[in-house]
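Considered here are two forms of the same protein chain, supplied as structure tokens in two stand-alone entries, structure 1 and structure 2.
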Structure 1
Amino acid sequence: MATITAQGRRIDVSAGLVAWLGVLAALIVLGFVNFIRQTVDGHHLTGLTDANPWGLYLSGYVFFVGISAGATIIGLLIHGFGRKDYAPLGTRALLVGLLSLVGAVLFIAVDVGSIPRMLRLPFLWRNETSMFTYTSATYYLFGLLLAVELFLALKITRGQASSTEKSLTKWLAIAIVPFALIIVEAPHGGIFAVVKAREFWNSPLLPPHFVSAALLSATAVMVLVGAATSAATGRRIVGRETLSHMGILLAFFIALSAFFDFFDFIVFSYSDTITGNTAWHFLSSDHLPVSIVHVGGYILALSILLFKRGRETPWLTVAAAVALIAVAAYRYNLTIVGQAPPLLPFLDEAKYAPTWVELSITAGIVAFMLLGYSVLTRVLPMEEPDRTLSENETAP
């Protein structure tokens, strides 16, 4: 094991870490090469068509914007509800939120193809009645707020923040939650909900459904971050009571998301329309495996968390991983199946399957986020050095 110094901190670099970073770097290079191919040769390398213009890229965009918005709840717990036991996750949650937002924008970039044109929205190109104009503007502002809060959190961690900066961090952490969930994420669901031609999307339940799924996915990610950090450092960064509380939150958000899913199912089962029947045909045939992962994942994760032992680290980690995969399946089905019914009776059903190019680019974007997190959490201080665990937080 080698040791290097960065930002005045000693960083241990093990062979396992080097191998992990090497794998991530290889995935990034592969994804970038295929993105160049896609840019030069065109989107015919993907499974996207005129009838099915949204695919894996848009699913990834929806998924990671949700994680970015939902991750702000950690700051609210710390500063709004006085849960100082969550403090070791505070800076990490901001980093996860910012990297997830960057990843979501990258998914949009590879989907539209022309990045220079994308960057003109909403500064040069804008339509005030378009949800895309609104959401693109809120992403810039949300990213700026996350960056400012992360900067202030790092100053506090280094012990360099003034009392004014500490107060600003507290109120910013509280205010950013309604901004992220109401201003950013709910209208994000509105992008789908306002499409009247697509019955599968056109529902007033979709914006709050997006919010619940965002909170669910972000909570699951932070559980996995806590478990992975403890495994990598050999010490428990949050205590048993904190983990149990995170398990309760995760169970609540799963139940809330399942509530919205249930009434989506009820509405479509009673609608008896051609569009609704076609959507259910896809969910129960071509997309049945993904539907099972979605619904079955919620049931399995919630079943684990209902038991007291299910909120201990090993089982809680399993439940969080299963719940996160279930949310990803929900986002994928929502995006793909919503486009399946033909808009005109003489058109065929739109069928989509991601190609190797799409899969490699998606893996590259995810690897980029993981690489950024893996490096920055070792270079930047993530928690105050003088923090000690209380007796009920001490690792066995």
Structure 2
Amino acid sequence: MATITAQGRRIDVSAGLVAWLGVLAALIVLGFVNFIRQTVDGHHLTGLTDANPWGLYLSGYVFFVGISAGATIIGLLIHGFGRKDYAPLGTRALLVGLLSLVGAVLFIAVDVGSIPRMLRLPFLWRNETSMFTYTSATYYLFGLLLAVELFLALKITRGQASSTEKSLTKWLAIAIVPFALIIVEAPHGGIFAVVKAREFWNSPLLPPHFVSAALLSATAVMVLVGAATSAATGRRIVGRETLSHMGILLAFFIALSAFFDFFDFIVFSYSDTITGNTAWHFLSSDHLPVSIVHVGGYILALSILLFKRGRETPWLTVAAAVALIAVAAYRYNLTIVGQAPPLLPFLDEAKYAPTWVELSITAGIVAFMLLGYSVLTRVLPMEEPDRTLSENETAP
């Protein structure tokens, strides 16, 4: 156990932390090496093919954009709904949001053929009818807004914020939510929804579905953040009642997403176009395991959350983890199964399985986000120092 000092704050560095950071760093290095290989050799090192041109990277991308956008609701809860009990999560949510956005952009970067060319988007090159032009523009804005909000939040946690800054923070926290959900997240559904060649995607329900899944994943992440922080600091940062509230929110978002899933499935199982019945691809042998994780995860998480004890630790943490995995499965399935039905009736189902290059690059990006979070939450002040604990925050 060592102690280092950063910005006048003392940080305890345990052996566990060192090991954790070491593992993350190793994953990052591995991912980076494979990224270089992929760049030099080409994307044939991935499992992607012309029949299935989007894969794990794309699902990672939409998954983390979702978390990023969804994480803004913590600010809304605090500042819009006056749930001060969420305050200890506020800065962390912003950090989660920003890191997820960076991660999401990294996923896109490792997916495209040319990063330098991609960076011209949308400044030099843009096509207004492309969802990608639109989303790329929003990342810059969203990232900027998140950064400003984080900057202000950090000022607050350092106790250096003026009252104008405080009220600016408040309004920003509220205003960023519709921006994140409608301007940033919904168009990600749009990326898929506008593709009429892929029947399963081509639905106006997809953007709202994406929003609900984003909220679901972000809530689950914040539950986990809470749990992780408790574990790291040895105290609850949010109280029992807040947890229970998050459990209810989580349950609600799961139910909403499941509702979308259900009707998607019903509607598409009636579809009978030239390529046959899209919905059933979810149940085909290639995709069934992921579908089970997706649907089974929702059911399991929801079942846990229905019980009062399920909305308390440790069950809530379990439910959140299960829900998060289920959303990841949803994002993956949506991306992959959406490409599975053959374009022309006599073609075979498109097949895809990520290669270890993709897996390692994915792991590297995730590790990068976790590393960023692990370090920054320790280096930066996450909570107001003079904050008094509410009574439901006391140790269990």
Partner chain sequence: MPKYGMVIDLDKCYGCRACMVACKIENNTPEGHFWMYTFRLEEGEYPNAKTTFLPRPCMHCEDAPCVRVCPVEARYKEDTGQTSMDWDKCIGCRYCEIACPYGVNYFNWEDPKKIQYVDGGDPDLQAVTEGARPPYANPDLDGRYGEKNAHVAGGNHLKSVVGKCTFCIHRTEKGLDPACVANCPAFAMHFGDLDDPESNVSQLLQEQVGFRLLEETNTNPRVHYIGGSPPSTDAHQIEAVKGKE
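C-alpha atoms forming the largest set that superposes within 1.5 Å between two forms make up the rigid core. All values reported here derive from a predicted model rather than from experimental measurement. Along the sequence of structure 1, residues get numbers from 1 upward.
> Only one of these is the form predicted in complex with the partner chain, so let me know which.
Structure 2.
> With both forms fit on the core, is the shift of the CA atom of residue 233 between structures 1 and 2 2 Å or larger?
Not so; residue 233 is displaced by less than 2 Å.
> Any CA movement of 2 Å or more for residue 172 between structures 1 and 2, core superposed?
Result for residue 172: no, shift under 2 Å.
> With both forms fitted on the core, give yes or no for whether the Cα of residue 145 moves by 2 angstroms or more between structures 1 and 2.
It does not, since the residue 145 C-alpha is displaced less than 2 Å between structures 1 and 2 after the core fit.
> Please state the CA displacement of residue 284 between structures 1 and 2 in angstrom, with both forms fitted on the core.
Residue 284 C-alpha displacement between structures 1 and 2, core-aligned: 2.9 Å.
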